[in-house]
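First, one chain by itself: the form predicted on its own, in structure tokens.
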């Protein structure tokens, strides 16, 4: 499949168009007229968080008018207004004018898929399917697939090309996720009314502690919009209806259940509709204790567990489909059936019976076992579980695990994801073990989690050394990190970094030393040390210089990206700014990155891998190129765009990137640039302004531009 026509250039239609464009499709985006379609496309540039993996994706989207002839396409996807008559009219036109072999789908969230296709031929209905994306579609992996005919082709494109998580749902009201999500919201509202629980406490409970999204119920509803919630749940409590009447509909209106005032977050009192300061509420992280000891938590949980069990088989066939839909569509960490098992199926069932009679038939059928035992989960073979891989050895900061087929995995999980001496020791140990045994063909590097590969080196350790003026200790630590990264680069087995989430500073430097990077689409990569008043010194700049091999444009790009501490907005963006090479690969489904990295490592090994030569040389710009880089830094200072200390940092960065004071076109070995990195880092570490930046970043989490 190569071409898709999307009808409707509103918020969802345009963002879905961006997804297909990123997957390599040519996209026709159609609306009432070409101007409306163009406006929808242009809106993609402004939305935050960005719906685009790369700005170049816009080039694949062609705006058009519905009034014109329908384009030829392999897939027709409808995302127009939620009006059954209008949708049916469009389907009649697609059948009459569209490609007779194309997939046809609807992105409806509330209408019956069967009703939309009613009146169409059997052939049309055999290729018609519901494809319900969740907003924002780039970041929420779920697509509910509601088959009317054969949905196999649509499901394969969604999963294999777009990297989405497809869940088969029945053609019932709300499908799966909105059905259960609506019940969860209703239960929370009823529990607030019944117990008088304050909204900030309700959010503290109904977020992470209950296995749901971190923001909790009311903060999430502020982001969605109370007016949108009213369309989905028309029977709202009077106090929420009054908020909507006043225009207090959430984030877009500047106030909803919460608002900011004079830098403080306020929360509304449902009884008075007046705002008061939000309180920090401490809630136990023990889900079982919370469920049974907190009346509000139980009142939020029990109705949803009952409702989820009653939704099978009407909305879904299995508990796994329900749990997956809630995790992938609503950001829950645990689906309702997983929660029920976690708090003890039998205990919860007995309490529910005591409070309200019999359970839904599905729950009664479980008996004395658990849902997981009666309905075992089917695992995605492309989603490797690192915890299930046998451990070769384990430390506090890292494990070496066996992925099978001769591939070892160094799983880095240092405290707070900060790279310290224990992490560096584990890197060196893994390189020695893998390189010293015929058991291993390759090494894969894996970060702490899907959200973070690593946020960088241990800044506190460096600050402590600076305050004690222990420059030898600081230099030993930097040199050890450089040596560990070089050990990975020159290991006589292929090294592949399986990257997802944030790879910042030292985390980025580790990845740059791998033979290949296998990055999840949602990867945010950058050398950010200048935000702490330092320059990268773990070999990251050396890698950028080596890859540039004397190319002035690539060095200028490195100065811009590292000098501004830029972080890519995606893996595609990381490729554009030089942190991913053309040989590196992207896993659109981030859950597959480890399996993809393993496959890549094996391919390299089987192709007769040979490591880079230790004595390799590469070209540097030298003093003439350094002068041009320094001029660029000085012009920014003259224009008032950077501070004097920023210029000091930029000068140090330019010197390293140019290779120092050498004749133009000189060739150097890696150690020459590593020495320049280390010397510049130590000089900056000794300055009061850099130490002030480090302290501010450690205490506030924000950079200081002093």
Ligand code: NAI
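Fair warning: this is a prediction, and the values are worked out from it, not measured in the lab. Positions refer to the first chain, counted from 1.
Omitted here: the form predicted in complex with the named molecule. The next part is about that form.
The shortest heavy atom separation between residue 66 and the named molecule in the model of the complex is within 4.5 Å. The named molecule is not drawn, but in the model of the complex it has a heavy atom within 4.5 Å of residue 81. Within this chain, residue 133 lines the site of the named molecule in the model of the complex, having a heavy atom no more than 4.5 Å away. In the model of the complex, none of the heavy atoms of residue 23 sits within 4.5 Å of a heavy atom of the named molecule. 12 is the sole member of 685, 18, 694, 12 with a non-hydrogen atom lying within 4.5 angstroms of the named molecule in the model of the complex. This chain is drawn without the named molecule; in the model of the complex, the residue among 485, 108, 570, 197 with a heavy atom within 4.5 Å of it is 108.
Segments offered: 672-680, 27-35, 656-664, 635-643. Contacting the named molecule in the model of the complex at heavy atom distances within 4.5 Å is 27-35.
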